[in-house]
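Only one chain is shown below, in structure tokens, and it's the form predicted on its own.
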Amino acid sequence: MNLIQVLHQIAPEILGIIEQRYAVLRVVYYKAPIGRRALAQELHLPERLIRNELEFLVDSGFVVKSSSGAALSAGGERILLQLSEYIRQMRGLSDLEQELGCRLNLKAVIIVPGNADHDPIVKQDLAKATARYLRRCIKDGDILAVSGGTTLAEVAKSFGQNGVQRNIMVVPARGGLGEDVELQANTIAARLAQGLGGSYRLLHAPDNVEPHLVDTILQEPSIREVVSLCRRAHVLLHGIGTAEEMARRRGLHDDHVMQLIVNGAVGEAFGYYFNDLGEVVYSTASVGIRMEDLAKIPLIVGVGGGKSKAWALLSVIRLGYCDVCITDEGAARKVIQILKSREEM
């Protein structure tokens, strides 16, 4: 029996205190400088309780206060990192990662605590976990292809600048002109390249085009060159979204969205819409990565969090072209629940 199991039995209230202080430290880390009232609102806790917790953390040297609000000290950042692993053990996330990896035949699963549907900061944890994984797996000489979307935009923001130059090329996995510039694959590719110390190429092409125009667009030499790099990628990093969310973001008409739902679409990636068995029920014509290119890419990493994305994750992973899944506890537990319920049928 390990220490956490002993604590569960002999002093369960201690675990609650640890979780609460971890939550406070985490919000202060991401939102600093932050005032007491704003912190209480973020955590949905009474202001008096937050005042007591902050006093303890300040006295312990983990938080520093100023006229502009609270921030973590260097010791606070270290203890937060140590607590993160402790919270993972408390919630059994290592076991959950192994179970999900085995059930879905994945090389690796990385799960961060929490549920992004209810706690927006979980998406930032997800982004940091993805950034750490990329730093470990990307090697000199690699081409990294990336998609667009809110989660990958957060991954790009979490990197910052890297002063060390590396022989890495980052390219967008598909066109994206026409949507919010912050969410475009071009923007994300540029920011990731800066964070990894590499170079990047941009793909100046729209996300969705009429099928008969794709070949015409690919005749442009600069576009053809970037698409060629994209299809020779060593690593593909892509976000996983729900079918309805992505269809609306890409401007599909309401009738078209309803038809997707009727056809059983639950997840989307690369402009392909999948049902819960991983079958393609609809695809959009775009310039960039195609389904037939996926088998040639050595490492494909899918990222998405929130319990509401469980079906989407399952649908995309079941396609068979996903090696590593980075998600949150809410989505992971729901996926396991879905798989177990099917076994019992």
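The structure presented is a predicted model; accordingly, all values stated were derived computationally and were not measured. One rule holds for the numbers: they count along the sequence shown, beginning at 1.
Below, we refer to the form predicted in complex with the DNA, which is not included among the displayed structures.
Colleague: So which stretch, 58-66, 298-306, 313-321, 272-280, is the one near the DNA in the predicted complex (non-hydrogen atoms, 4.5 Å)?
Modeller: After filtering at 4.5 Å, what remains is 58-66.
Colleague: Determine whether any heavy atom of residue 289 comes within 4.5 Å of a heavy atom of the DNA in the predicted complex, and answer yes or no.
Modeller: So residue 289 does not count as contacting the DNA.
Colleague: Heavy atom to heavy atom, is residue 70 within 4.5 Å of the DNA in the predicted complex?
Modeller: Flag for residue 70 set to yes.
Colleague: Whether residue 294 contacts the DNA in the predicted complex should be assessed with a 4.5 Å heavy atom distance threshold; does it?
Modeller: Judged by the heavy-atom cut-off of 4.5 Å, residue 294 is well away from the DNA in the predicted complex.
Colleague: In the predicted complex, does residue 34 have a heavy atom within 4.5 Å of the DNA?
Modeller: Looking in the predicted complex, residue contacts with the DNA include residue 34, since a heavy atom lies within 4.5 Å.
Colleague: Could you list which residues of 117-142 come within 4.5 Å of the DNA in the predicted complex, counting heavy atoms only?
Modeller: Nothing in the stretch sits within 4.5 Å of the partner.
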